[in-house]
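Given as structure tokens, the chain that follows is alone and in the form predicted alone.
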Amino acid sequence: MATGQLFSKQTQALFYNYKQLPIQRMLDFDFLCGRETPSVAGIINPGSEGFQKLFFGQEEIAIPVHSTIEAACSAHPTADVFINFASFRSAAASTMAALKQPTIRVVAIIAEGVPELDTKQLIAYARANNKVVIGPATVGGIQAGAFKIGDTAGTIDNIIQCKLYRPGSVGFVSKSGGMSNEMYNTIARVTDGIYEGIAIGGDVFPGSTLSDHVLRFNNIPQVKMMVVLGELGGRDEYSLVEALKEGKVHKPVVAWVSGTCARLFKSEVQFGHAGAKSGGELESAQAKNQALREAGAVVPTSYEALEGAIRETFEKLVEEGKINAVKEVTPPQIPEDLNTAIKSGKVRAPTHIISTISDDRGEEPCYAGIPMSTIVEQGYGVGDVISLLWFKRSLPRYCTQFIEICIMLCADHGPCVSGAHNTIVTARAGKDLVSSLVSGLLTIGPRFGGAIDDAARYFKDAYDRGLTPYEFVEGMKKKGIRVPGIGHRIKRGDNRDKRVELLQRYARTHFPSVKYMEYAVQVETYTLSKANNLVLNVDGAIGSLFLDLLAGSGMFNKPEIDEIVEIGYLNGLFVLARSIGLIGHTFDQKRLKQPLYRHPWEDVLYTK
């Protein structure tokens, strides 16, 4: 595997299985290092395509999302690193698919628990095809000032603390990703910092070994010394021992194998990694440290002494003139995410929408402050929910029941009214439910449904001003306005609308006051003296009775009642109710498999 460095400031990667945080950390690192192009060329998210918005510094960018590895590699031929965030169940298959792509040179497998047989097959294929596998069970790697994989080196604060935004002189390799972060900090304190760092992963069979990367570092001119952090279990460190003995490594190596405490335990010990399991004397940390020391590596007496050993080795190279002081640079400041800044109290941002009726931020949604569980457990009805979401208060039961009666009575009025007709025609044209429903709803207006609001407005104005029915009706006539809520195509004075009678009977039984309804009845008496079809219709009944509900319940003041009437709450009842019927007509036509509607010729007057 030897060759030289794996990454550069131009390296780009494909990221498999979208994870917002590690990708954003890569892009923040890019910005910190002064890269001109983002290191993530594309995202592979099986089954998805499009773009994912992320930040590159302060600029928002769109990174392409591809549904397959093949499509991503074809779209981004210069991206030669594959960062695999798949689960252990699919990591092997997706890694093999990536390795088979001619453009992919390096694959990092983040998942732990990849089956060992699968890992061996991946390693064999990679070595046979001159490709590099980092992992499984790795956080990846980093080339300081150039490129990093996923969550390597942690947060931006940690990266700056470890001076990873610019290259140093030390090549570092470790089995542990967590300890890598610790060692980056240690190395930055006592040297000029990291040039490249790799965490090979903690599984028993890593895709690349400690010695693989040390031999690479040996071929990189900018790397002047190496630091190796091994651990008990396995025999990977012995390949490094052999390389040192054979003279293949020409630069100083400071090494430590952790896990010396294992001897304090009476039985075999399994540490955090799958490979960190002491399996005999040769696999003990003590034996490995001794072998590395005898092969020529600088091995301290304890982990606590490792920092001092690194410092001494570095300072010796400086004295010998083999390391020149790195010119320190000031990295740019990474803009802080708005959500993070808000939570920390650093900024305050204006909201764009105000909601006073519902809230779904807690454990369960609330309507006007009442939890959903309460609504269900206490047997709230549709009328209660409307009172909460429309009026922002719990109205008395007689009020909510009246609302429900209105909805039931207005739900449908046959297939011939304009709204139902439009819905039926649209459904028969093969359109979907929403399109069919909307085509019917769009006919609601002053001549169909909207009369409820107008009836309430005019009856209220006339009653509040003390107009007699004669003054009201004749005054409307002079203005050329028909009295809303009065008149019907079919019903007559001797054939009243049953719906109106039901509403009036309910109100007289349950409402504290029906003054507006009684006024409407007086108006009806006067209009019937003019024509037998000028009866109080259902719009007029609902409009006048809703005024009585608002005024008689004692839960609304006059400005609130005026606002409710003006905004159009009452017409909302008709819209809600009639939606039930229009949906029914849509389903009815679909169920009957009715063909496209065409109006009959004989029903059209053709004329010039």
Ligand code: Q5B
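When you see a residue number, it is the position in the sequence shown, counting from 1. Please read all numbers here as calculations on a predicted model, not as lab measurements.
Absent from the display: the form predicted in complex with the named molecule. The rest refers to it.
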Checklist line | T119, heavy atom within 4.5 angstroms of the named molecule in the predicted bound form | finding: no
Item checked: Non-hydrogen atom contact F88 with the named molecule in the predicted bound form at 4.5 angstroms -> no
Next item on the list: Although the named molecule is absent from this view, report whether I160 comes within 4.5 Å of it in the predicted bound form, heavy atoms only.
Entry: no
Note to self: Considering non-hydrogen atoms and a 4.5 Å limit, does the named molecule approach R235 in the predicted bound form?
What the structure shows: no
Notebook entry, point to check: So which stretch, 529-537, 509-517, 198-206, 111-119, is the one near the named molecule in the predicted bound form (non-hydrogen atoms, 4.5 Å)?
Noted result: 529-537
Next item on the list: Would you mind picking the one in G440, G177, G230, G485 that has a heavy atom within 4.5 Å of the named molecule in the predicted bound form?
Entry: G485
Note to self: Looking at A287, I220, V521, V417 here, can you tell me which has any non-hydrogen atom within 4.5 angstroms of the named molecule in the predicted bound form?
What the structure shows: V417
Margin query: Just to make sure I understand: among 226-255, which residues lie within 4.5 Å of the named molecule in the predicted bound form, judging by heavy atoms?
Written below: none
